[in-house]
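As a starting point, one isolated chain is supplied in structure tokens, in the form predicted alone.
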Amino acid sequence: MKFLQATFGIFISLIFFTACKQQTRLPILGPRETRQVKAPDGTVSVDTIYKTIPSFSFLNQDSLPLTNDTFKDKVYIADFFFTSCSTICPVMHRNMKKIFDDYKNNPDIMFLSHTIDFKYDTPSKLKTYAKKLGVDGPKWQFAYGDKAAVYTIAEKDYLVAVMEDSSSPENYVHQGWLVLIDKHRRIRGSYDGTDDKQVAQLIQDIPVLLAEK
């Protein structure tokens, strides 16, 4: 729980800062570094390198390979959940489904849900879950992978805390962030999927990001 609280503390100020402003361009979140770039004329400038979602390989709900290429040149919203979750996941995905329905005919945006239950949530279980949710087709992908791959990309790349916890009634603990990713694989927003105000902010931010050149 200390790790969850620490991660929450780092990003909550950024999220609330974003929510309190009308944005013409969304911030780029996460770690970054700078490097000096020398032009042909000898002048030196500073370039900022932003954290991006790395290459990944999972299986989707149809037991087909799921990689970065699936989301190439797309804005997408990612989250982490498990199908037997009875606490925050139903609320998260109810809110995500509303956004999905709003953009189901827009080819520039997709959705990606990673299960953290590597023991039970096989692709066939994810398929059943997707159908129950009312989702069909490739626009909303559900990802299954081994523990190391999923937990690493959650914590190090999407900046979402996930863990097994035998003391928890459902054996897993995770944050309910809906993470907005741009076409360059950078984090442009992170929103509590159980909070109506933050979900409303996400809804406002999506067209801003889609309008970026």
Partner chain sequence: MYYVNGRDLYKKHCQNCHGISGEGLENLVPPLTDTAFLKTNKYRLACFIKYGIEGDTIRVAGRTYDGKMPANEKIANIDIAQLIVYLTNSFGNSHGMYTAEQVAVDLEGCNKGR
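Positions refer to the first chain, counted from 1. As the structure is a prediction and not an experimental result, all values here were calculated from the model.
The form predicted in complex with the partner chain is left out here; the points below concern that form.
Enquirer: Quick one: in the model of the complex, does every one of Ser57, Lys72 and Lys139 get a heavy atom within 4.5 Å of the partner chain?
Expert: No, the candidate spot makes no contact with the partner chain.
Enquirer: Go through Phe82, Tyr103, Phe111, Tyr129 and name the one with a heavy atom inside 4.5 Å of the partner chain in the model of the complex.
Expert: Among Phe82, Tyr103, Phe111, Tyr129, a heavy atom within 4.5 Å of the partner chain in the model of the complex occurs only for Tyr129.
Enquirer: Can Thr87 be called a contact residue for the partner chain in the model of the complex at 4.5 Å between heavy atoms?
Expert: Thr87 belongs to the contact set for the partner chain.
Enquirer: Just checking whether Ile116 would be counted as a contact of the partner chain in the model of the complex - the rule being heavy atoms within 4.5 angstroms.
Expert: Although the partner chain is absent here, Ile116 would stay clear of it in the model of the complex, with no heavy atoms inside 4.5 Å.
Enquirer: So in the model of the complex, does any heavy atom of Ile77 sit within 4.5 Å of the partner chain?
Expert: It does not: once the partner chain is placed as it appears in the model of the complex, Ile77 has no heavy atom within 4.5 Å of it.
Enquirer: Is there a heavy atom of Ile99 no more than 4.5 Å from a heavy atom of the partner chain in the model of the complex?
Expert: The answer is no: Ile99 has no heavy atom within 4.5 Å of the partner chain.
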